[in-house]
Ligand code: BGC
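Quick setup: one chain, the form predicted alone, written in structure tokens, and binding and motion questions come after.
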């Protein structure tokens, strides 16, 4: 069967190859679930792996199949599987348990292992292929009502984790009730963060480079949030005009902005950082002022990457709620479809090109 793969750490090595078709019995004890891949999304992680910034193949293999934002349909199940049945739509989780105590209690997203296994990223093949076999414990069932947008589930889990962490941390305050948040970046993650915070009743200011009007600013404003271009107003200026910000969600992919966010964050505030930056950029910062602000202002900074099972369940619930409150909003994020694995170059050209793309994805097989 076909698969989109590359040689990790080797830029320009992307290719369309062949893999043996999986078998239900690849999983022992009758617990296998055979899934036909329907749709796979692309994101900055795929771009950075393609550029050779990080990634590792499975042991004993010299290539890595890409793709971690998946949607599939169950074709067959093993004799001991009761959680799923043929015809169910599922999203596969990305990170698999390792050896730490956190892995043992189902929190592999918090693993302290030096090496971790993530489909399509590190040590495990991804889902840019035609079929895979897994166990039901690592599959999240998708309701029919959000099947068309379910390829967005995995990126939504990253936002769910970040916002959940913010609220859990702020239990230290006993009465924390955030009124206004800033979201930095209006790409897929930034837009989803804006959505999730609006679903939680928080007023949101979303900042991105481009001036409105364009699709991303329209999407922000369709949620009742405020869109600002950083060409016209910096985050610091926005905090003075619209803050203080109880929460800042950083999703720009440009690490120096994290330090501006640390200064712009209000007292008792939480900075959630979602950008994975694989480069070696350095920057001078006002270290004393940042340190003083955090110490005297009781501020917190926390990162969010990958997700635990609870975040997948929360993503499904909130995407379903979003469809009820903002019908069709999530589908507007799916801007650039590509049909078939054979057209993988087109998909990655979109990821690396100048054309504005919120979410490019490949339809591996028809959804219906």
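Numbering follows the first chain given and starts at 1. Given the structure is predicted, the values throughout are model-derived calculations rather than measurements.
The following text describes the form predicted in complex with the ligand, which does not appear among the structures shown.
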Answer yes or no: in the predicted bound form, does the ligand come within 4.5 Å of a heavy atom in every one of 39, 131 and 364?
-> no
If you check in the predicted bound form, is residue 306 within 4.5 Å of the ligand, heavy atoms only?
-> yes
Please check if residue 326 has a heavy atom lying within 4.5 Å of any heavy atom of the ligand in the predicted bound form.
-> no
Does residue 276 reach the ligand in the predicted bound form if we count a contact as any heavy atom within 4.5 Å?
-> yes
Spell out, yes or no, whether the shortest heavy atom distance between residue 154 and the ligand in the predicted bound form is within 4.5 Å.
-> yes
State the residue from 184, 150, 247, 94 whose non-hydrogen atoms include one within 4.5 Å of the ligand in the predicted bound form.
-> 94
Among the candidate residues 322, 65, 314, 43, which is the single one with a non-hydrogen atom no more than 4.5 Å from the ligand in the predicted bound form?
-> 43
Note: the ligand not shown here; in the predicted bound form, the stretch from 176 to 184, 255 to 263, 280 to 288, 118 to 126 having heavy atoms within 4.5 Å of it is 118 to 126
If we check the ligand in the predicted bound form, which of the residues in 47 to 61 reach within 4.5 angstroms of it by a non-hydrogen atom?
-> 54
